[in-house]
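First comes one chain, alone, set out as structure tokens in the form predicted on its own.
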Amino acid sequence: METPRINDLSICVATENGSGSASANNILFKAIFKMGIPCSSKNMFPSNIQGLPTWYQIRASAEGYFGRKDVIDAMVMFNDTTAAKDIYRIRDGGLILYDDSTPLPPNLKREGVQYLGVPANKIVQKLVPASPLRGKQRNMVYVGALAYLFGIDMETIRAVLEDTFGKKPVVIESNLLCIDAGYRHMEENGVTQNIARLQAIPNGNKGKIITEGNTAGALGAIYGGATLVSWYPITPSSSLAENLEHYLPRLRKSNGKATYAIIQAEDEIAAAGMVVGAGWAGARSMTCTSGPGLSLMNETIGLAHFAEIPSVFFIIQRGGPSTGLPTRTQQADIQLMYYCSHGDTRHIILIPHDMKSCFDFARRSFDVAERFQTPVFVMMDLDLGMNLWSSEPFRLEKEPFDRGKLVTAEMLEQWEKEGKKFRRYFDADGDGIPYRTIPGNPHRHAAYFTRGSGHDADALYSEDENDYKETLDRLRRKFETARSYVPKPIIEMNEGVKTGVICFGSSYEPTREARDRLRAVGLKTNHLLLRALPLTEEVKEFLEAHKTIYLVEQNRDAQMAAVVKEEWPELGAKIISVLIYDGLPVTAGEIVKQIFNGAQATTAEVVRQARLRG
């Protein structure tokens, strides 16, 4: 019999979408968090409203790992449709909690796991009057059963219910009634398990918050000065706009009047058009979408790039192509963002990896857009955007907004005295960034004609080949200037280590855990967390400093590796791609597996080359 592990547990809850399990799962997760235990949650939900299977995975980790765990220790089997597969998702020696209101069919019995029953249906039939609510309250029974089995006390459960439903005492008591019934059933029947125990850590999560990346991004955008939000609903980006709709009325009013506008457009094309129009007019404007929406926005983004109009696009990635897996996570729109639109275009991309950077980069994105007078992408994914993550509280930097080379009437007046002329697309400073005015500037020389067709340095229509080439070259100079402005990578270097790992976005947490596992078996690695495109000089230096680089990304075609190899082809041979693209949040185990396979392949190649030479 195994000894129970302390605060090392993975629970997966299998239910039907729309059955009310979301509330139960959140209560369970928040109770573990309130105990001070480092924890994370992953919601694998279907792309319909209700009826299809959903799995919610909670991980408690004494070591502070927040990636999805490789194995499931305890499975709540509350969906008959998936039960035949769910019994094999559990690890050997794991635990299955099921509703034993009716006997378990023989085909659902598996050797090597512990089955524990709780009569959830019978319990709610006694406690809850016949109504649609009864089916939802059934889920609260497994919350109580798990609380007893793993050591969550009922006072903690009550505190979470009060935090969640503070102004609804009837809801608190009805939920608590069913949770307590599940708890007492396991207690009275002397049910035990030896997998794990949860023990409170005093002040373990003191001062920390739990939130989603879409919430953090929305708050960051508000504090970054977002004035116009135009969007069209698409999973998994919709909750970012919904959070803006929730928080803006509280945070952005003057004398009782809104100082912002949120518009749900008729489609993504219209949303992009509004964002670019508002950016041209001087507003800090944004939208949020996913891959299919970005596909529709391509032409308008090309206009903003060529006409040099500040605008911000939050892209919350999901599975593709086409509709693909709309409620699964992926990092497969990297090149769609980087080269968005036709012709020679490249765009600035900010890449957050945790809740703090979701907030900070959302706020900073508007500064970058105005500094470089260009579309800027904030690249997230469903795992980062829609799952709950633990975080330190967000702190607002008291830096003034960077509006870039925005010319006022007073500046134009001074220029006129100095004999200088405002030329909208002229590179006066050699950095590729021209000066701009916005509508409302009263100076007689402030106006210019904005166009998406060929133009010269004075914004006059031109199809002259020299003017066109100069415009493209200047846009490239501007992009090169951005290398020293975008967030630099975070690098961890150890002397003598010649193996490096690069990751970005939501891959960071499982990569951190994977590196610890690799170190434990003797493979030390250095690490670079990529936080923006264009790539900075630090990335090149990291590549040069190592013999082998493993680049972790969540797509099939190694899209980020292709960007790196295009940048420095002479260093590309060092890169071995670690590709994970099943639509589920990445696990450390899969990263370790692929790195070991890559290391073995590299060793075999070295031996082969040595034999050829020898």
Partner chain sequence: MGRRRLQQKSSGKPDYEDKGVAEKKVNRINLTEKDYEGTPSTLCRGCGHDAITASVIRAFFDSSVDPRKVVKLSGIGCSSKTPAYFLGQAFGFNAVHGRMSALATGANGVNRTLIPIGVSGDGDTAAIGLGNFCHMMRRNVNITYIVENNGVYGLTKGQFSATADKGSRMKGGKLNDMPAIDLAELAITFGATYVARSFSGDRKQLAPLIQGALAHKGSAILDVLSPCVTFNNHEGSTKSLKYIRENLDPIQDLDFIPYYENIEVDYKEGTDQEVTLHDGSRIVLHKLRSDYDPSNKMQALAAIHAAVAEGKFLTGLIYYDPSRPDFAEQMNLCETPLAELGQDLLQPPAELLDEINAELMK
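Numbering follows the first chain given and starts at 1. Nothing here was measured: the structure is a model prediction, and the numbers come from that model.
There is another form of the same protein, the form predicted in complex with the partner chain; it is not shown, and what comes next is about it.
Considering the partner chain in the model of the complex, the lone stretch of 133-141, 481-489, 356-364, 182-190 in range is 356-364 [heavy atom distance within 4.5 Å]. Heavy atoms of every residue among 266, 438 and 448 are located within 4.5 Å of the partner chain in the model of the complex. When the partner chain is considered in the model of the complex, residue 544 lies well away from it, no heavy atom lying within 4.5 Å. Though the partner is left out of this view, residue 395 does reach within 4.5 Å of the partner chain in the model of the complex, counting heavy atoms only.
Put simply, residue 282 is close to the partner chain in the model of the complex: some heavy atom of it is within 4.5 Å. Looking at residue 260, you'd find a heavy atom of it within 4.5 angstroms of the partner chain in the model of the complex. None of 294, 128, 274, 90 but one reaches within 4.5 angstroms of the partner chain in the model of the complex through a heavy atom, and that residue is 274. Proximity to the partner chain in the model of the complex, taken as a non-hydrogen atom within 4.5 angstroms, holds for one residue of 109, 250, 498, 421, which is 250. In the model of the complex, the partner chain lies within 4.5 angstroms of at least one heavy atom of each of the following residues of 298-328: 299, 300, 303, 309, in sequence order.
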